[in-house]
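First come two forms of one protein chain, each written alone as structure tokens, so that there is a structure 1 and a structure 2.
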Structure 1
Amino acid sequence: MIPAPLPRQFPDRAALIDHVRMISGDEGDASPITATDLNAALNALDPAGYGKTRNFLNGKVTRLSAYIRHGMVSLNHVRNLALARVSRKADAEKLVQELGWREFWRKVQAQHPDWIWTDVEAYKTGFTAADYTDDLPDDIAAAETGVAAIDDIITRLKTDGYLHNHLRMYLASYVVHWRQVKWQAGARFMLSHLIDADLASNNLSWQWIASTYSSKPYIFNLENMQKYCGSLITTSAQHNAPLDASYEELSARLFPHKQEF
């Protein structure tokens, strides 16, 4: 017997959500993203502005990651739209590169699915994997580390389900290098809160930060956070002492067995 086709028309979003819950058996909350929001994000796409300001917390980022993750728009569509919005292809280069990285992570996952939760290489930090803690500390999960900028980032993640890419990098680096926690624990935590959670992009990026899929660990300092975040998160030296040092000082402190990379 051929099953009856699924209904396509509903009186409102609540009715649609109720129907999906009924047929799926999933009582979880529905994603807040909608087609209306997607259209607004596509209309606001500014490839040149993205290229110039994407590293800043208030920069012209696309906020398209959730829609790409859930199949509401394709990477190719965003690429073509970006190229159509600029008079010189070079003005869309940074945005197209980031779309390319997303596709690259997907292909790496397809060819090496075992890499998603397993170290691709050894840590380049002077430590072995056995030196890192398996579980995420409770104070990190609760946004109670005492490092104000990090606690702001964690709170934003748990509240919004989204983080600017620079904040994702800061949090991952803090978890792995300041707290010496295995990247897998941090990756699981971030995946559990992100609306745009993409397994390949998330986990392979954590490996890049950790140095198990790159030539050196990624670290940052408070000066870098102040430059790119401004007053949008708490970046005062008084409340972020563990981050307030030069890169040379942090490298010596965090990686005492290997200070050059």
Structure 2
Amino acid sequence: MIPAPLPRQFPDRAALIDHVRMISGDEGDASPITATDLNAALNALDPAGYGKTRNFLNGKVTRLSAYIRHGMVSLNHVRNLALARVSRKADAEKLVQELGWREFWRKVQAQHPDWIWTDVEAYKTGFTAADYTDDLPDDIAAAETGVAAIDDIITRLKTDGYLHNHLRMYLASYVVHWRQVKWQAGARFMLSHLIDADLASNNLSWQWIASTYSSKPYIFNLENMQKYCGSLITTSAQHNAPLDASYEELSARLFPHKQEF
């Protein structure tokens, strides 16, 4: 039997959120980013500013990911807008290239659907997949790792349902390389909180960080976080001891069996 259609009109957002709680059986809160904010995000698009500042937490990133992920705006439309907003084409190149990453991951997914959950290549960390834990430790899920910057990132993820690309990279690297957890467990955790959760972009990025889809593992250090995040997250040395070292020291500590760096 065909069921009655679900409602499409609500007195306010709170009522819609309650309705989704009821039909999904889930608990939790909605993201502050709403599906109705697309035009504001498109109006704010600044390709040249993006090219210069996108790596910084307060840089001019687009926050378009959830709209793009759900087909609410096409990559073509965003690209066309980016090209129209610059006087020199080259000023739009960085943004168009990042859109290209999404297209790339989707093409990979189409050709290799099995790569979404299985290692594309072996880890290049000196460890084998069997050396990594299957499940996400509870302290990570609860944002109680004791590493302040990481806990801030996890809290942001759970509150906003959105993270700047750099924060996604830091968190994924911490989970896989500091905690030796399989990328799949981290990927599933992130998917379950992001409003732009996308199997291709998320899981293949996790594989890129892990080194199962790249030539070397991605790691970062506190100095890098301080440079790109400033005081927007807690980056004091005393609260982030495991991250506070040079790349050489961290590589030696995290990958003791790896042959060359």
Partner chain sequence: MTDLIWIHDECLRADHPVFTEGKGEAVFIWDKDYMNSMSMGFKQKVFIYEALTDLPVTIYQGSTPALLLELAQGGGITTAASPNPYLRDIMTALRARLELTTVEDEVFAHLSGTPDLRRFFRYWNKAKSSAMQPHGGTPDLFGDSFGRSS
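Along the sequence of structure 1, residues get numbers from 1 upward. Just so you know, these numbers come straight off a predicted model, no measurement behind them. Heads up, when I say rigid core I mean the largest set of C-alphas that superpose within 1.5 Å between the two forms.
Here the chain coming from the form predicted together with its partner chain is structure 2, while structure 1 comes from the other form.
Comparing the forms between the two structures, the C-alpha position of A252 differs by less than 2 angstroms, with the core used for superposition. Relative to the superposed core, A241 shifts its CA atom by less than 2 Å between the two structures.
Structural comparison between the two structures after rigid-core fitting shows the C-alpha of R13 displaced 6.4 Å.
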